[in-house]
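Next up: just one chain, as structure tokens, the form predicted on its own.
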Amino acid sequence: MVSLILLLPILTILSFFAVFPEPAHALWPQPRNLQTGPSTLRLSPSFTITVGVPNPPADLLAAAQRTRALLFNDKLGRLVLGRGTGDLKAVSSARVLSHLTLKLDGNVTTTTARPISVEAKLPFGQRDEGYRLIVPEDGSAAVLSANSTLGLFRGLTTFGQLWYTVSGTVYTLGAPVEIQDSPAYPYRGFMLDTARNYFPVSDIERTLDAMSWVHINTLHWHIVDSQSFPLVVPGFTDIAQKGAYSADAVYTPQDVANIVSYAGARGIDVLIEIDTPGHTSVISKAHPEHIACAEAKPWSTYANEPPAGQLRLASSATTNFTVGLLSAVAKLFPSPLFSTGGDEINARCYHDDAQTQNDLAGRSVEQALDVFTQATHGALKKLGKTPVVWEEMILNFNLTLSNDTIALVWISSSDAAAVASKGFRVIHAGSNSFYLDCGAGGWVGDFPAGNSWCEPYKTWQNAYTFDPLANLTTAQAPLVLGGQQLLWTEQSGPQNLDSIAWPRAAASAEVFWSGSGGNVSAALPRLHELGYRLRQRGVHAISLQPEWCALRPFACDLTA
């Protein structure tokens, strides 16, 4: 048994509690089983966390260290009038919590405590994110237990949300606290597009931090597209050399390794996407022989947005090239999942491309796409990857896809029923609820009356009231793996990443962790507190209402 005692020399403070009568209810996502009491509890300035795990993995030790630092660095005042000064009397006479112990349940030997990063990449059926947290009211040691280090990590993030700061003292209301928690769905994601605009590694890491604090467990990284190819792929480095916006706007294999490691230590898997055969125009800069209708005009005839260009899917040479490219990328990412995209394939592009017409040799585009997809997916399967595709690959084409293929349902969440009826697993990514970029107006030039195609703006309430099982039968319900919110970045960059994503992206995190059916009015005070906490931690989350409203829960409801 190895213990780690974590001490901070400086008495600074944290807190978390919403504007609810029961403070522990400020947690986000809301635990699925939660019991609280009437007592106030102070955190000792010498508070320690003991990692009582055999041969504790380094990332678990680091997670405990980060948790303790946040407890004393958040310095979050409770969101009530006076910011918690009304709690001072209760705080002054409260019992003191000095210790939290982490332990693994079950048959754990000295060799079976796997790192968080390993647990985070296990296939869905093998991941265990559940945990149990007990915080007594009498000041005796709190205990966090789980069957996995990943579960312990989820519990640590929850524990960190229990606390506030007032006059230099860290405290919580609502003790004793007992939580028994586990996710309703195994997949809870956030998609970031780094091709329309480039995001430095530091921005991605900050986003991963924010994701981890709300139990999001997958970064869906839409890393390349027609506009740029910032990924440096071993054996295919000429694509990034000629297709990135600049020599500085790239992700090297070392960058990828660092991001994957950073994510894994925070319980997050990185699902990489290389969209094919569409959205590949930029490859023509290095390999024009593989791209049909490259930058053809008018772009709107040949693509959904500029520049036009698609892989010549009927060419055996292009198919082999793509198999090699995807295989090389797959070796950079240890996730069991790999997305080959497959959305918005433009038929006119292939119709007007003489080489594609010659390569088809009497076949239909659909038949050629089937051969192309079997080749690319077959190569990925040999590398242990489960293919992930956009919904068109299942609903628009008759393709030979493996039964374990996962569909991202994006055009409309109502399409999930059609996907499920074909027996495929579903990740909800509907533009009608989860697209963070909608509502910013049109971005194409010379079109002053233009709007974004997915108007209107998708509010957090829209995502929060989403029902993942709507229109599905009881038999189809297990096919829903979860869902994600998505940031396409035609009008986003490092400048507005935080504000456009947070705290809105937390809405789906709660839906797919706690389950649907939450009350919007009751959730708002907790989401306010999450936004304030994110800002305390360096994530520039946008305000949801005037602070006057945030300090007066329910006072700004429509019917108040």
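Residue indices: 1-based, along the sequence shown. Predicted, not measured: the structure shown is a model, and the values here were computed from it.
Not pictured, yet referred to below: the form predicted in complex with a further copy of the same chain.
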Note to self: Taking 4.5 angstroms as the heavy atom distance cut-off, pick the stretch from 152-160, 309-317, 290-298, 345-353 that is near a further copy of the same chain in the model of the complex.
What the structure shows: 290-298
Next item on the list: Counting non-hydrogen atoms within 4.5 angstroms of a further copy of the same chain in the model of the complex, say which of A328, V444, A257, V201 makes the cut.
Entry: V444
Note to self: Quick check on this chain: which one of Q495, Q35, S46, Q65 has a heavy atom within 4.5 Å of a further copy of the same chain in the model of the complex?
What the structure shows: Q495
Notebook entry, point to check: Is the gap between S521 and a further copy of the same chain in the model of the complex 4.5 Å or less for some heavy atom pair?
Noted result: yes
Next item on the list: Please check if T459 has a heavy atom lying within 4.5 Å of any heavy atom of a further copy of the same chain in the model of the complex.
Entry: yes
Next item on the list: Decide whether G362 counts as a contact residue for a further copy of the same chain in the model of the complex under a heavy atom distance cut-off of 4.5 Å.
Entry: no
Notebook entry, point to check: Does a further copy of the same chain come within 4.5 Å of any heavy atom of K285 in the model of the complex?
Noted result: yes
Check: Using a 4.5 Å cut-off on heavy atoms, what residues in 413-436 are near a further copy of the same chain in the model of the complex?
Finding: none
